[in-house]
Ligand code: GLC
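Just the one chain here, laid out as structure tokens, in the form predicted alone.
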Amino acid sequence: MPQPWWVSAVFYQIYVRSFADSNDDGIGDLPGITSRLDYVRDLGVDAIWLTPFYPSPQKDHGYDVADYFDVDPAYGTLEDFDRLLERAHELRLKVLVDIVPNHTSDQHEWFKAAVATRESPLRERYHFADPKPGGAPPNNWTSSFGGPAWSPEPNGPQWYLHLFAPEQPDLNWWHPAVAAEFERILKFWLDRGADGFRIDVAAALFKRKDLADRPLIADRVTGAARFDSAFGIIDQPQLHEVYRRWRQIANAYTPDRVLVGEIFDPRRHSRYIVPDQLHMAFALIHLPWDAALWKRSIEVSRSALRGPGTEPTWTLANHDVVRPVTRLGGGSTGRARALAALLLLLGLPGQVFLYQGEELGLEEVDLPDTERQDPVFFHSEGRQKGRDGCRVPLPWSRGQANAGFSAAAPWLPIPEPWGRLAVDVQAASEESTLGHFRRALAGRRRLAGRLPEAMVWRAAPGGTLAYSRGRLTVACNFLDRPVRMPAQGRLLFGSSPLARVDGGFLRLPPNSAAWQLA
């Protein structure tokens, strides 16, 4: 039986605000994406994931949604979305929409009505609670952005829950109207032709009903007081019925519609990646460059999924984490390691998610504090730099103002040295990072349907990894010196031009990987 399209697919995340600007206002938009879809197709990916483009006050750059049924004017119109979708489908690219069900904007009509009067029935669709005696927050839960997870309602006696910014009040999924509304939202975008959804903070929708304080325990190493990680706030069992219903809705259109959950802890994946719930959940590898650690991470992610036809969804990057080139050492070393990591992951069974700019070898940008816009930076009072550094707009052309992204100053400044990493520069060289990405993705596409899901680790020198899937063997050298190991076939390609097979041995330069075909 032929596999569903998504089983071995490569997805490309587009951060709408930073991809391409069509009207020269310094902000990326949907028509800009449409104009660059040929570039995305030529990378060799199968689908794109669009970050939120809904009407929003932009306190968290779209993840604070004011209206789930429209497009923010800064990004275009519904008609622009339809044209993007039509062009993507012409190019045989699937399109995933980002759905944000955990919270709304405080400018959403529901929340505005909820805080307008205590008699509003819409208050039940959020979490309101009385403060503790003395005026403390209702409990000791903390926000992911820093500080308490509660804020006083405007002009009222109670506090409201927000696991993220105060401008993002959490929805109360125990109320049936919330589930009904999101079913309506899903159908709206599926009716327009969307191929599926990436679900933001997918395990967090239901919070424990009692809103109890998190207990403090003594850390086993330091003895310092810390929250008991065994005390669950989210990941409530009622969530599974929601995703069963969402899967039914998606299947009613075509079995090709997919649901991807942002659930980074692989220990949770087996509860959600089942035939009647989600299709996929991310397995983010965010580790030091060490062979043993990477092998362990891959094994944990694979062992967490035991069902037939279920494999991890691998990714190194997204709009919330430091770019891989920087994490893996920076400069030429970090770029070499990131390319090697790409080959290592592309050979594994499962799906792969790429983040825009990975294919150019972009690094994290250390922005001046005056340029930062991430709420994480502001709510932590500067203690955390936030996520702006991985969201700087893409460089398209070396010879144009603002690297061809926009004639106007971009919403985040593009570093001048990025001109040499621009798309037009790299497209001219097969040995550029972009050239390597295109070659690797083309190789994966040629082999994807011919390889078994089963993989076996091969014996490899210390500081290296090697595994086989049928005729394909992938080897990765994590060391800062060259290594050699027995060859397993002819060399298809390597992340370094110096990788080669001779005399029955594969010779791998430092921080490189290679594919061999028996």
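One-based numbering along the sequence shown. Bear in mind that the values here come from a model prediction, so they are computed numbers and not experimental data.
Beyond what is shown, the protein has a form predicted together with the named molecule; the following relates to that form.
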Whether Tyr12, Arg335 and Glu364 all lie within 4.5 angstroms of the named molecule in the model of the complex by heavy atom | no
Contact segment among 270 to 278, 162 to 170, 347 to 355, 404 to 412, judged by heavy atoms lying within 4.5 Å of the named molecule in the model of the complex = 162 to 170
Option touching the named molecule, based on a heavy atom within 4.5 Å in the model of the complex, out of Glu262, Glu153, Asp80, Glu311 | Glu262
The named molecule isn't shown here, but in the model of the complex which of His108, Lys207, Arg198, His127 has a heavy atom within 4.5 Å of it?
-> Arg198
Heavy atom to heavy atom, is Arg123 within 4.5 Å of the named molecule in the model of the complex?
-> no
Any non-hydrogen atom of Arg372 within 4.5 angstroms of the named molecule in the model of the complex = no
Wondering, does Trp246 line up within 4.5 Å of the named molecule in the model of the complex on heavy atoms?
-> no
Answer for Asp320 alone: is it within 4.5 Å of the named molecule in the model of the complex, judged on heavy atom distances?
-> yes
Partner contacts in the model of the complex for 57 to 93 (non-hydrogen atom within 4.5 angstroms of the named molecule) | Asp60, Tyr63
